[in-house]
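Coming up are structure 1 and structure 2: the same protein chain in two forms, each one given alone as structure tokens.
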Structure 1
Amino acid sequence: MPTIAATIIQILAEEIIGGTLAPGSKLEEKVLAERFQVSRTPVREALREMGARGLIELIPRHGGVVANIGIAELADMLEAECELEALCAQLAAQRMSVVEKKQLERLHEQTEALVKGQDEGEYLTLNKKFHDVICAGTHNQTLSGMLRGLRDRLSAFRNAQAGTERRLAVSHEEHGAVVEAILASDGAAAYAAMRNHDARLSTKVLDRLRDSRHERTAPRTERPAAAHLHST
């Protein structure tokens, strides 16, 4: 189950990438806490994480300002992630133990029910575990560390795909091709399947950001109210 801070990040990242929150928009702790009906603690945590990912520029003790995300820089990072993770899938196919492969297969099977139930939150949680297992399966700490750093930095961009048709189903199908290749110890096929998966996501992210910038000067509809979040 995603934390309150993670949910706030997902909502705000969607608004930043979708153009609802333009570069320079202020994100004040007090205002966000009132909007999401939570204390300032998860809001502060969310803003810190968004600052680390380059979505906002932090203002000490106040909040943050939406950053002007450079499309060229983002494209560079997405391309690097795409190639690194494809290489990790290739190595995992060659190096994973039988137990590790079984763990990957079970994770993929567990997500099938989540696709049918359209449980996006839990799917994204298991999706991270899926990619982490492949990353660990390289048995190369340097390579896996580089990839995890990039995935953490880019996760908000990749997750901001609200309204994408058959999003979970397509992701699950692409994961299936990766799993099949890894279980068969086919490094070349694993590389190609993972590269195809990440390249599709990267293209959607970049297209969405470009579109939002083209539409920024158009009249805006009123932003829908955020879902009520409960602190625990």
Structure 2
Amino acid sequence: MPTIAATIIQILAEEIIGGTLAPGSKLEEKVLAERFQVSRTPVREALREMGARGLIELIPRHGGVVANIGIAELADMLEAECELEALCAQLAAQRMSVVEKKQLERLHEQTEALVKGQDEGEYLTLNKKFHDVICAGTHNQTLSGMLRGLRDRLSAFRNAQAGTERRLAVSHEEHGAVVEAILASDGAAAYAAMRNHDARLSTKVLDRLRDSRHERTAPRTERPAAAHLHST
């Protein structure tokens, strides 16, 4: 039997990652305690752990809010994700076993039908699986763990925005290039293909955020020395 705190973490994390709990939402201990019919103790521990994971922001004596990412931070996270994921793709290409490759190939084929059917919801599920399989393919728990943690944090934010990605076909095609490179055990090609894929999505996400922020509130001046994103 898992501990109550662990259960709460799982539920809240899913809600944050899934977008039910929007970034900026306040998380009050008392409210959560009542909701889960438990005392504040396990709730506090859950919040603390989620804070350490970066899913929520935890300010002393002010409680927690679902991590609301500024434009500068988002740019950082997207860049890190892009680099990490490309690296993982490269390692996966070099290390995946035959059965792992087969699994990846099948997954990609299954997705094809969803693209034609424009089934966005199911597509996103398989999309997550796709990246997870590649993570596992690195045979490096540290790297894959870091990437997945980062993806979770970003996911929380992506899902809070409207439609995630209209043109499924383009994404699918880019995935195809990654799959092909991995099946051919071509690390460099896998790296390049994945980097290209993520970089394109990143600019889209950033653009959309910039637009939506511009309408409502002035952008927070968080990091004056702007990064030269993807200048490589």
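Here, rigid core means the biggest group of C-alpha atoms that superpose within 1.5 Å across both forms. Along the sequence of structure 1, residues get numbers from 1 upward. Bear in mind that the values here come from a model prediction, so they are computed numbers and not experimental data.
- Remark: structure 1 matches the stated condition (the form predicted alone).
- The Cα position of residue 200 differs by less than 2 Å between structure 1 and structure 2 after fitting on the rigid core.
- When two forms of a protein are overlaid on their rigid core, residues whose CA moves 2 Å or more are considered shifted, and residue 45 is one of them between structure 1 and structure 2.
- Of the two rigid parts of this chain, the smaller turns against the larger by 50 degrees between structure 1 and structure 2, per C-alpha superposition.
- With both forms fitted on their core, the C-alpha atom of residue 17 sits 14.4 Å from where it sits in the other form; this compares the forms between structure 1 and structure 2.
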